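Consider the single chain below, provided in structure tokens and representing the form predicted alone.
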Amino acid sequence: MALPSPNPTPHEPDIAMWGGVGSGKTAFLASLSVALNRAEGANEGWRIIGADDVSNSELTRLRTNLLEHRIFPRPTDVLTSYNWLVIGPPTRGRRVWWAPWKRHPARAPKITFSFLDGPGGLFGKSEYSVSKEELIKSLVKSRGLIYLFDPDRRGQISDAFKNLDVALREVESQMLGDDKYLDGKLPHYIAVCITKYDEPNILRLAEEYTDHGLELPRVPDDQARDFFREVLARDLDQNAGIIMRLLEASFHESRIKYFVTSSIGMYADPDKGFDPDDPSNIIDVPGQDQKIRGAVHPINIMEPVIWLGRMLYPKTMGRER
């Protein structure tokens, strides 16, 4: 049986994002433009722009804080709307059948990146709120989702479980009540991002899954699911193991992809490069917010966005092989 079409209707957001308290949502947004600018190879040539004046201004502020002031964005305490376009390099124009020597004009792929970035604990609250309602609408209307999970918040897994469980139940109650999706699965593609890979304790936990043959270590995508499962298995909270089951019960297996991410990357000495014995790219300043120690090297920040775009618009961007 063919899977239902995931394509959003015109003018609806392509991608929505949510995650638990402190999962790194705003840091993800701040580092996205940096990641796109530094892309090489197949992902080179992508960029992000604001779709309106407010979003353009916010993009500049987030980027400036990260690169110039070397500080992290403050946690979101109110519902914040971002309306951005992620634009790729133009595809090769199609040949005109009646004039094989000519081609249709090349078209640049565009992904509508409309994020309603709400407080991390929003779904953990039982009472109704306008913010929660708007965020649910965003998840329902989009067909690409980014779910952020912070493996470093020991003792907070119950919050992560509650945020995920409540959000999925709300979305499913609105989308699966009729017979539009006969298989009982949500139609979205979802990128599950295990964040803060740069944290030394997360690096140690991911050691056996990590590819060290690169300039900076990285967990390959085909190892990310196994790493996520180990993170959940090591937690003492009885609900931890249910998180992956919730995701894989709600979405088609072929539409879930796992990524191990970092918004800032590891510290690399300008002269000596990366030192596995000194990986932290964060400095604790007494009485102040944490500072970023060295250059920002986002890991798997743009990849979930581009993957979702390719899944949603295979004719424009080409399917991932």
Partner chain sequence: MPHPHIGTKQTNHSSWVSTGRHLRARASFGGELWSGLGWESLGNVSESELRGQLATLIASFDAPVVIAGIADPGIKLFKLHLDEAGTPQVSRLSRLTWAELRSGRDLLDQALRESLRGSVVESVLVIRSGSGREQEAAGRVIREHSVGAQVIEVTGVKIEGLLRDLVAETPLRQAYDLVVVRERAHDGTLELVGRRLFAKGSVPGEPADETVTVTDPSGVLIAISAWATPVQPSALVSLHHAPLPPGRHRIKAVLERPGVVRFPGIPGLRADDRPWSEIVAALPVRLAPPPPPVHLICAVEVTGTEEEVGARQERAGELIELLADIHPDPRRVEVSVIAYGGHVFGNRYPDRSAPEVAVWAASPIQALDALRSLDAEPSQYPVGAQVEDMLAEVDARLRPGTQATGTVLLTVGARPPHPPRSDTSRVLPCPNRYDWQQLLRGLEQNHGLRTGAIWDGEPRHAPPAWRRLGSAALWSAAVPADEDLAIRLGVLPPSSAPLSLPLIT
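Positions refer to the first chain, counted from 1. As the structure is a computational prediction, the values presented were derived from the model and not from experiment.
Not pictured, yet referred to below: the form predicted together with its partner chain.
Q: Choose from 243-251, 223-231, 172-180, 196-204 the stretch whose residues reach within 4.5 Å of its partner chain in the model of the complex, heavy atoms counted.
A: Comparing against its partner chain in the model of the complex, the contact stretch is 196-204.
Q: Would its partner chain in the model of the complex be within 4.5 angstroms of a non-hydrogen atom of every residue among 67, 275 and 285?
A: Contact check passed for all of 67, 275 and 285.
Q: Taking its partner chain as it sits in the model of the complex, is residue 280 near enough to touch it, meaning that at least one heavy atom pair lies within 4.5 angstroms?
A: Yes - in the model of the complex, heavy atoms of residue 280 and its partner chain come within 4.5 Å of each other.
Q: Spell out, yes or no, whether the shortest heavy atom distance between residue 293 and its partner chain in the model of the complex is within 4.5 Å.
A: Although its partner chain is absent here, residue 293 would touch it in the model of the complex, with heavy atoms inside 4.5 Å.
Q: Check each residue of 253-273 against its partner chain in the model of the complex and list those with a heavy atom within 4.5 Å, in sequence order.
A: Heavy-atom contacts to its partner chain in the model of the complex: 270, 271, 272.
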